[in-house]
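Shown next as structure tokens: one chain only, the form predicted alone.
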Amino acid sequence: MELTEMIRSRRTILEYKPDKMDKDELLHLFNTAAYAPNHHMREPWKLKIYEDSARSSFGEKVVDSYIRLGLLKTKQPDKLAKARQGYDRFFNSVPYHILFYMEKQDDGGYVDDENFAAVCAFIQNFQLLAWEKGIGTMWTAKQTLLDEIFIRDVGLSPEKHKLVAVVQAGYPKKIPEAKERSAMGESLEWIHTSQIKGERAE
């Protein structure tokens, strides 16, 4: 599959087959994704991969965070119990949940910004490489990633670590239809030398 075709054909996958991936192949994808651009070769990406019975416990921590943050519309115990059951089915239906995170270096300064961008580039590399092998993914980044209790629940430190994303991965059960992207004409501006002098944001 050519790169252009991979980029245009990749989809966010919501439903997965139960089949597990070969771990050596998965490790190969990560090793290749590590060729993402990263300033001073910091290679800031770190991963926690949840599989098998760990998926349920990870899902419970996610739902606990949703409740703390008010992301679930109901507070009634019976409805919360049903919501937990639904989330548990989802977390166990996906072969792998991959938590991407990084170590903080300058507490939200430009170095952390560079490292965050590098981890995102790593994730996109992984998604495209996985898609080439018939493996689907779903990139999620919710308020949970900022929840200090959740960060501690997954064995990390809010002071030392920044969570970047959770990516679900597995063989697709269903591939969604394509959604067209907007043309770039209105989102870019060509700047000529004569325009630079005195330029200032409104």
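What you see is a predicted model; the values in this text were computed from it and never measured. In this text, residue numbers run from 1 along the sequence as written.
Absent from the display: the form predicted together with a small molecule. The rest refers to it.
J.: Given a 4.5 Å cut-off on heavy atoms, tell me which of 49 to 57, 26 to 34, 139 to 147, 152 to 160 is the interface stretch with the small molecule in the model of the complex.
T.: Contact criterion met by 139 to 147 only.
J.: With the partner left out of view, is H192 within 4.5 angstroms of the small molecule in the model of the complex by any non-hydrogen atom?
T.: Contact check for H192: no, nothing within 4.5 Å of the small molecule in the model of the complex.
J.: Since only the chain is shown here, I'm wondering whether L14 would be in contact with the small molecule in the model of the complex (any heavy atom pair within 4.5 Å).
T.: Yes - in the model of the complex, heavy atoms of L14 and the small molecule come within 4.5 Å of each other.
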